[in-house]
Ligand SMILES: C[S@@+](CC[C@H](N)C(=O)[O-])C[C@H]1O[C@@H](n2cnc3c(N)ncnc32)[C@H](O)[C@@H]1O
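First, one chain by itself in structure tokens, the form predicted on its own.
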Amino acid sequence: MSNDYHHISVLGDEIIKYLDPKAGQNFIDCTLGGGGHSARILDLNGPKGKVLAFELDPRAIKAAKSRLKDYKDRIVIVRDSYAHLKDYIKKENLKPIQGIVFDLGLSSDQLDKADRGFSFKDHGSLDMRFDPENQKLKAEDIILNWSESELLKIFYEYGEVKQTKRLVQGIIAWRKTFLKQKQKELKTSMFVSAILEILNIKESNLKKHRIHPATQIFQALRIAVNSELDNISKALPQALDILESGGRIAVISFHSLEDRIVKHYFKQMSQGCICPPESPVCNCNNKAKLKIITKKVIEPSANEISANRRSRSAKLRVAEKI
């Protein structure tokens, strides 16, 4: 693996337990990262089973190719969003598909690299693009150019920020001053300082806050830059369509917005009759398409959290195609 790329895949044992890869079966890893989940699957689905993997981050792809070099004939890595799942299934003519995994979290590499802008501890550019070469919109563009109503929408919907109006009005006022200074780029540290000033929080008092005041704001920006909620909403129906009967979808999410989308979709697709309760007979002929396997959300063990603190917010849901 690339010497400076670092990421630990979460809930690896649980993914293997629920997907249960067997010799010759094909799988899709919608979020390749450093290749942790794909490696575990490829260990078990040989000698002919394949994995089609999606990844936007070029650093992750480089690391994964190195890690998975021994499986190069059985792994197909696509540099694109998993929102285009069906297109690549047709292109690669890969079927049948017995399992699909989504690990929707950020990698440790993305969080730790100061030039990516994902962490409020960064001192690099306020960027946040998963694919810096092919994506145009940066978090900086949103902060410096988007309208008040657009900012209100993303911070309220994607960040669930409590003081949204105060924050946005403060950003609008602050950016006028920033733009007059004609600086080349907006640094992450500058924006964090602006947030604290707008919310009237002193750096010396940050320890009193359970989570950093910038956490949800950064989450909202990252989701907006990378269309994360739209992508998972687009991908889940595609995943269901391409799965074989008995195949499973496993989704690991890291915040309530993603988890809510997955939970709602699984519930919706696991319903049979959807006629109104007052209807004496079923006229809808709707049939359940999924069976929910994890009745309760699966979370990391205490041992895993101890070994990898960033796994603590992970939630796994699994459903099986009927």
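Given the structure is predicted, the values throughout are model-derived calculations rather than measurements. Numbers for residues come from their place in the sequence shown, where the first is 1.
Keep in mind that the form predicted in complex with this ligand is missing from the display, and what follows is about it.
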message = Only one of 30-38, 266-274, 43-51, 290-298 has heavy atoms within 4.5 Å of this ligand in the predicted complex; I'd like to know which.
response = 30-38
ask   = Within 4.5 Å of this ligand in the predicted complex, do we find a heavy atom from each of Phe120, Ala139 and Leu221?
value = no
query = Of Glu157, Asp112, Asp80, Glu244, which one comes within 4.5 Å of this ligand in the predicted complex, counting heavy atoms only?
reply = Asp80
message = Can you work out which of Ile97, Leu106, Ile171, Leu186 has a heavy atom no more than 4.5 Å from this ligand in the predicted complex?
response = Leu106
task = Would you check, heavy atoms only and a 4.5 Å threshold, whether Asn231 touches this ligand in the predicted complex?
result = yes
ask   = Is there any non-hydrogen atom of Ser9 lying within 4.5 Å of this ligand in the predicted complex?
value = yes
query = How about Asp57: is it within 4.5 Å of this ligand in the predicted complex, going by heavy atoms?
reply = yes
